[in-house]
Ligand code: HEC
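Single chain ahead, by itself, as structure tokens, in the form predicted alone.
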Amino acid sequence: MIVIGLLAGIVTGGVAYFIPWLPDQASTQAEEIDGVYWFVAIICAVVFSLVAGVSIYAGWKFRAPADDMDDGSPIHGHTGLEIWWTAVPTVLVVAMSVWSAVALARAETLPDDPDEYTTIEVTAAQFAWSFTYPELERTDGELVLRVNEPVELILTANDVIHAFWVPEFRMKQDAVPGIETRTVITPTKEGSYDVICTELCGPGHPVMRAGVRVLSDADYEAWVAEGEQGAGEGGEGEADGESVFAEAGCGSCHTLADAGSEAEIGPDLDSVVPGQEEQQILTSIVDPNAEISEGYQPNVMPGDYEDRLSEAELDALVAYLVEVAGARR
């Protein structure tokens, strides 16, 4: 029975390994982490099947007859068996710990040459992500990476604790107000993915997402050139209202058809913005509790946008909302 339980665990773990339970691997870190996961999962399957098999066998083999009302015979134990069931789990736990530590160290290692990797600053705020590319002097609401290039993400938060996670990359890290945390990613597969906040951070937590694009070398260089061209055309100090709307996370809470957002945490901007003066719109952004729309609660929208956004960005955002509202009157 022990052999049957052992074989059952091996078969169960082996079958599970070949079933695509997990998201696609899109980073070198995902390969390391998945290796640890399956190592632990197969050990657990084997141990569970073995214990379950022994328990079933013992319950059947040593069951008392229906008319036997006596207590069981006292036994001292089995020293050899006790040594085995102490030593084997100890070895397995140590093996899992060592493999996990090695995998984590490999996952967080960067090349010695700073020119071989990129650093991106990630800022979390209720309820949006923003990404600053220091080398490009650019901030965006989308994370854009070059395939096969290591990137160090420096994370912080403006308000409460958030957590950065892209399932296909596997690496997960908290973004904490007042301190900087870090994680490393080396994307290996071109495509589009989602950044998901995995720390309950308020009413907008379910929709706190951002796009991730992993580009080829040529496409990445084109994206960089496009940003430089846009900055040159826009002029110093100018801001694009639609970009500010996206980067500030407005679409995470508000519906606005022009921006393609359909969130329902805050008022529908397509309904409340038309007819308002620019000063009313600005006040609703920098002092959201000044006037609460019917059916909504105070203290949900952060009140620090005047600190987060520059005067030019606020003006651009207000102008964008006025323009969109004017188009819908």
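Rigid core: the largest C-alpha set superposing within 1.5 Å between the two forms. Each residue number is its position in the shown sequence, starting from 1. Model, not experiment: these values are computed from the prediction.
The form predicted in complex with the named molecule is left out here; the points below concern that form.
Trainee: Given that the named molecule is left out here, which of C253, V212, I185, L155 has a heavy atom within 4.5 Å of it in the model of the complex?
Mentor: Of the listed residues, the single hit is C253.
Trainee: Taking the named molecule as it sits in the model of the complex, is Q276 in contact with it (heavy atom to heavy atom, 4.5 Å or less)?
Mentor: Q276: contacts the named molecule in the model of the complex.
Trainee: Hey, in the model of the complex, is P288 touching the named molecule, heavy atoms inside 4.5 Å?
Mentor: It does: once the named molecule is placed as it appears in the model of the complex, P288 has a heavy atom within 4.5 Å of it.
Trainee: Considering non-hydrogen atoms and a 4.5 Å limit, does the named molecule approach I42 in the model of the complex?
Mentor: Flag for I42 set to no.
Trainee: Quick one: is S293 in contact with the named molecule in the model of the complex, heavy atoms, 4.5 Å cut-off?
Mentor: So S293 counts as contacting the named molecule.
Trainee: Looking at 110 to 118, 242 to 250, 219 to 227, 74 to 82, which lies within 4.5 angstroms of the named molecule in the model of the complex, counting heavy atoms?
Mentor: Among the candidates, contact is made by 242 to 250.
Trainee: For Q276, decide whether the Cα shift between the shown form and the other one is 2 Å or greater, given a superposition on the rigid core.
Mentor: Q276: C-alpha displaced by 2 Å or more between the shown form and the other one.
Trainee: Inspect the rigid-core superposition and answer whether the C-alpha of Y193 shifts by 2 angstroms or more between the shown form and the other one.
Mentor: Y193 C-alpha, core-superposed: shift of less than 2 Å.
Trainee: Can we say the CA of F245 moves by at least 2 Å between the shown form and the other one when the core is superposed?
Mentor: The answer is yes, as the C-alpha of F245 shifts between the shown form and the other one by 2 Å or more after core alignment.
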